[in-house]
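Here you get one chain, nothing else, as structure tokens; it is the form predicted alone.
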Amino acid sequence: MAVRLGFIGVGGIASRHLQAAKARDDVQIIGHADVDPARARAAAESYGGTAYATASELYEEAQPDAVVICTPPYAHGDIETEACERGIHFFVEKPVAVNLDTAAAVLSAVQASGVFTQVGYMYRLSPPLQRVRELLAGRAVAMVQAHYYMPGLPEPVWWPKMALGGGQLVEQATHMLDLGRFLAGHVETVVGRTARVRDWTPPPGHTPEPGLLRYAQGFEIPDTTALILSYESGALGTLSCSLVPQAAWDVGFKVVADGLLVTIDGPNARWAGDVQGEATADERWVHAVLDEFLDAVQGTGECTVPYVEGVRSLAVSIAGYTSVERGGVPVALAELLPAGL
């Protein structure tokens, strides 16, 4: 029987998941909820199903088996909790929330309901990066180094607001922090520093151009961030990220381990040392994280990136900001995570 699948939030990243779900014979897309009625109607016309104004309406009227949640960070919480109360499985895009109180409340609902959950940390399902994880198993990992440099500010109006998006560290660089956890294990402490090195106030007469922005009214977030991470394994890690406008996107990731140096480029990797090699992901790698969720709902697989993993990765970002608030002292993840994690 086909999975009755709904979508909540159908802008941006949702289009990728809509295309992947549409391509499956065992999925029926039955509804789309979005705060923009025109966007919900357009999704319904393109992919089938009915447009709804709210998640609650979709839940009540369409009766989905599962939903894909692609809302902005600040909108998470009630949507997931209500899904749990109704026994609806959910896939949720990262970050799972902008604060740990919201994430902890959802996690409690997930644990009480037993629904399947999956977070869209897609790099974990890349075959080359899974191969890297196998190569690192049993080796002493020394350093996990990542950087995420964006040539400007994304267009969504919530991006420059800390309470709505959580800044680059929560919204975007979380991919790098989660990948570090996937390859090197749990993070024990985080030291963070942030800066705002640029005046983002629009100059008189400025007209924004399409794409990443150079200016934004009411800019509240850091534009430059650096973290030092200590892993439970004894490894160290660094993350530097910035959205100060410059020439181009530049995202990098390296792992130094006993006998091995790994360089990761998106879903692809190469390694050198006592083992030599490289691997490239095929074009469908990006859909694997959703496919795994749908397989689990069908009863033919399991979710390897459940909601709890999203909470743990969010906690690394929050620990960085907490360290900044405390003057740059190390902050232990155990202090911030819900009891039992």
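Note that the structure is predicted; figures quoted are calculated from it, not measured. Sequential numbering from 1, following the sequence displayed.
Omitted from view is the form predicted in complex with a small molecule, to which the following refers.
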{"query": "Heavy atom distance at most 4.5 Å to the small molecule in the model of the complex, all of 222, 318 and 326", "finding": "no"}
{"query": "Heavy atom contact within 4.5 Å of the small molecule in the model of the complex, the stretch among 272-280, 310-318, 294-302, 32-40", "finding": "32-40"}
{"query": "The small molecule contact at residue 182 in the model of the complex, heavy atom, 4.5 Å", "finding": "no"}
{"query": "Non-hydrogen atom contact residue 167 with the small molecule in the model of the complex at 4.5 angstroms", "finding": "no"}
{"query": "Contact test in the model of the complex: residue 188 vs the small molecule, heavy atoms, 4.5 Å", "finding": "no"}
{"query": "Any non-hydrogen atom of residue 82 within 4.5 angstroms of the small molecule in the model of the complex", "finding": "no"}
{"query": "In the model of the complex, the one of 257, 213, 226, 75 near the small molecule [non-hydrogen atom within 4.5 angstroms]", "finding": "75"}
{"query": "Option touching the small molecule, based on a heavy atom within 4.5 Å in the model of the complex, out of 94, 124, 161, 147", "finding": "94"}
